[in-house]
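First, one chain by itself: the form predicted alone, in structure tokens.
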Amino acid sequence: MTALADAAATGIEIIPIEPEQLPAAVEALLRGGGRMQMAYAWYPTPGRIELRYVGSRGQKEDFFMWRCTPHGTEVPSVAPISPLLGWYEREISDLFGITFRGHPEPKRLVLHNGAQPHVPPFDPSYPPDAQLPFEAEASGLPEIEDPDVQLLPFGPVRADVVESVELIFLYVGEHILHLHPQLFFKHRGMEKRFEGRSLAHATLLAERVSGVGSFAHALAFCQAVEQAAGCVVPPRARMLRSLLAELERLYNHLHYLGHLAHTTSLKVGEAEGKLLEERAKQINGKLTGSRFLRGLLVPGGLRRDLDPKPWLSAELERLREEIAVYVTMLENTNSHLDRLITTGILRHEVAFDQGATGPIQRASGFDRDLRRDHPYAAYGELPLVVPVKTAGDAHARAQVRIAEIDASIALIQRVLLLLKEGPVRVACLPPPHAEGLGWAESPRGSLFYAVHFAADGTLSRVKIKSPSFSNWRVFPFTVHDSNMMDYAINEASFGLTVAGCDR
């Protein structure tokens, strides 16, 4: 199939490329101001693996896909050229058995040392109910020769309700030389669970990939299906989708501020932030029946209409006033600011090379936001403020989210003024073998879903690119050469989720 024919079928340009052409193509893309987004693999037919690379040629240029069929089980790595693809290549190696020649980190990522699958887990011949064979093996960490250097494995079970991750510190005194995060203890095989599912079931699955990003995940999934089907969502549904997405951003950012205050020992600030988060969730529940905004989306629109006027505008204004007082107090508390300023600096070039996204990249000087640069739902019809900071430290990351809270409330108020009556759903049934790409700017950053359909209309492959998968890769670069006393603050300033990364 030609690239033009593929574009007509999926709404996105799909370009065939040979494996050996990949390094030169990535280099040319980066020189031209473009950026890679993700890579994944799938089986178009049993026994034939196909690689897909998603990128854009410029900040507001349309996304494209390269379609690559390996000749055997080895292809050249492009991680030395575009480091952000390093984790995607390692994930493909673990789950599909493809070797990436010249990869700078040829180690496992998803499968831990000791996992011994008979065939790669995504191979169609892999027994669906078989447990993964596992034998304990050494961690594979390098030998420590200097007696002053200590090794501290912390986790995967950590205090409080923090998600499971093992943090391996190499340190001298309080000085952290290196951090190695071992993730994927809670890998649930969510992408595999989509296979063979109906659209109704798959939408529910998408909502449960990451609990605090339920709406964003379902939205990106539905938009991928809608692109595959070529259906147009009604204007009222598009407006309501934007409104609900901003409500999700609102409670996430309030929780973030409360948790960040917790790490700086600002107990009143923590309590106030989480109280405001609770009030935002109560607004969600009153409007939709779900504090986490679940059960609303379907491919083609919304399951049911919502009536947000006139009470929602008044409640949001009251909440905005309370948030303004809270934020002013945070920004005038020296003990809080002293712990944030210059902590965990993420340099601009590192943010780009390693694939930082969302508030993390915007705090390091990148003016990027999918809502504006690649509009979806009703964002193309709405005025959007995109806050950007340049310091790249924990305080800058907090400031971006503070500004986004105000921008989200303003955007919701604008939707309420523009919202008109009309249907909220159209039929959406992708044809056999259709595929699509959907995206959303979740509270934590760029979120992509790529979907492929089988001949019977069920899903044959769903790929999820989550923001925390990107930002967990970036995070250690801000920990190296820092100190133990700032670690918890730095991690909190990233707003990471393990569920969103591990999937």
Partner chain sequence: MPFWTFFGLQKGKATTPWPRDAVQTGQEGVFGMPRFEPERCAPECDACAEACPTEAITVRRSETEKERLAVDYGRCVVCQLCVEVCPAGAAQTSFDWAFGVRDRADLMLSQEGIAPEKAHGAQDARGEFRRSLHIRHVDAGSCNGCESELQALNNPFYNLHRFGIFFTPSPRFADLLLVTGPVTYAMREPLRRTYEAMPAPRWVMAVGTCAVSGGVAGGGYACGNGLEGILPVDVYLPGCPPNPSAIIEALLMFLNRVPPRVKGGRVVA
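What you are looking at is a predicted structure, and each value in this text was computed from that prediction instead of being measured. Positions refer to the first chain, counted from 1.
From this point on, the text means the form predicted in complex with its partner chain, which you will not see here.
Its partner chain is not shown here, and in the predicted bound form it never comes within 4.5 Å of any heavy atom of H433. In the predicted bound form, at least one heavy atom of V162 sits within 4.5 Å of its partner chain. At a distance threshold of 4.5 angstroms between non-hydrogen atoms, F352 is out of contact with its partner chain in the predicted bound form. Residue contact with its partner chain in the predicted bound form: G86 places no heavy atom within 4.5 Å of it. Contact check at 4.5 Å (heavy atoms) against its partner chain in the predicted bound form: none of T263, T342 and A410 pass. Site annotation in the predicted bound form: the residue of I168, V388, L205, A391 reaching within 4.5 Å of its partner chain with a heavy atom is L205. Proximity to its partner chain in the predicted bound form, taken as a non-hydrogen atom within 4.5 angstroms, holds for one residue of E105, E322, E381, D373, which is E322. Residues with any non-hydrogen atom within 4.5 angstroms of its partner chain in the predicted bound form fall in just one of 410-418, 123-131, 357-365, 170-178: 123-131. Contacts of stretch 251-280 with its partner chain in the predicted bound form, defined by any heavy atom lying within 4.5 Å, are made by H255, L266, V268, G269, A271, E272, K274, L275, E277, E278, listed in sequence order.
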